[in-house]
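Presented below, as structure tokens, is a lone chain in the form predicted alone.
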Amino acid sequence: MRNTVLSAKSLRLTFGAITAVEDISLQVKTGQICALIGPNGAGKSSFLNCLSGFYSPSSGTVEFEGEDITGLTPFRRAEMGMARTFQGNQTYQSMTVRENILSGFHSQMRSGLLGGLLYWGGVQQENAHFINLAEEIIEFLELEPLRNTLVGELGYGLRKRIDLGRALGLNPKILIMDEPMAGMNTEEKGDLARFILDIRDARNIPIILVEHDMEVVMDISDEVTVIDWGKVISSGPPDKVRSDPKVISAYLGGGVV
């Protein structure tokens, strides 16, 4: 049986007279890929911001592993194991691939400024530990030849992969990905889809995915939730959602994908 990792209950988000999210609920279980789809402006990113703490919902609750986290900051949620990647490129381009991935471990590091300056035994051991973990992620994402390359010298698709590696550095219990494949070519999308499946299957990390590439969504998702004008209009397995007349009318443009 799969355990519920994240549960959003009747979330509502308003900005003055504008309602961005209207009574949306979502349950994400261990080992699931749950996709959110919908037209631009449907409220997907606003909903993700409520889940990850960047917005405070006007009403409703967010529970993580059974604990109400509705009022917690994004930093506290990250410490608990909620990792997120954003639209666009969020990497440090003047740092190497390994340094970027090491930055993902910041919430787990216990050495303070003084310890870092003195670099005594305990700090050295901690540093070696996180370097080993970073190397595991580098190997997992097939970045070994690039570990010492400056990220600014790499193409867009590789930088997005490195951004994913940094999120994995949080040792997440759930991963939230906002349009990770935007701007990628077909080969890059295929590579990233494979890594997303590996994260679910090999690491048993559930994933919430907002993505506009319907072929990818329908191929890799376990559950799909469709949002339009801030409301859920359909939810269920991909085959059910793709043939829903409301989805075809609102989003898929008159044909079944």
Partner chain sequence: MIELVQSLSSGVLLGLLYGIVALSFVVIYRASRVVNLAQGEVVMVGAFLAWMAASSFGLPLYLAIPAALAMSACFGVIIERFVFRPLTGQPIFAVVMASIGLIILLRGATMVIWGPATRPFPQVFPLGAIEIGPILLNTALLIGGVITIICAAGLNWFFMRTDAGLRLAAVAEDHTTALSMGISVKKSAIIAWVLGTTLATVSAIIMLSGSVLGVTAAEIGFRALPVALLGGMESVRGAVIAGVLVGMAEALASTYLDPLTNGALSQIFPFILIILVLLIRPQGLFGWKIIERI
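Here the rigid core means the biggest group of C-alpha atoms that line up within 1.5 Å when the two forms are laid on top of each other. As the structure is a prediction and not an experimental result, all values here were calculated from the model. Numbering follows the first chain given and starts at 1.
The form predicted together with its partner chain exists for this protein as well; it is not shown, and the discussion that follows is about that form.
Considering only heavy atoms, tell me if Q90 and its partner chain come within 4.5 Å of each other in the predicted bound form.
Output for Q90 is yes: heavy atoms within 4.5 Å of its partner chain.
Within a 4.5 Å heavy atom cut-off, is F140 in contact with its partner chain in the predicted bound form?
F140: no, not in contact with its partner chain in the predicted bound form.
With heavy atoms only and a cut-off of 4.5 Å, decide whether S45 touches its partner chain in the predicted bound form.
It does: once its partner chain is placed as it appears in the predicted bound form, S45 has a heavy atom within 4.5 Å of it.
Verify the contact flag for N49: yes if a non-hydrogen atom of it lies within 4.5 Å of a non-hydrogen atom of its partner chain in the predicted bound form, no if not.
Although its partner chain is absent here, N49 would touch it in the predicted bound form, with heavy atoms inside 4.5 Å.
In the predicted bound form, segment of 25 to 33, 215 to 223, 189 to 197, 50 to 58 with a heavy atom within 4.5 Å of its partner chain:
Of the stretches listed, the one contacting the partner is 50 to 58.
Hey, does Y92 budge by 2 Å or more at the Cα between the shown form and the other one once the core is superposed?
Yes.
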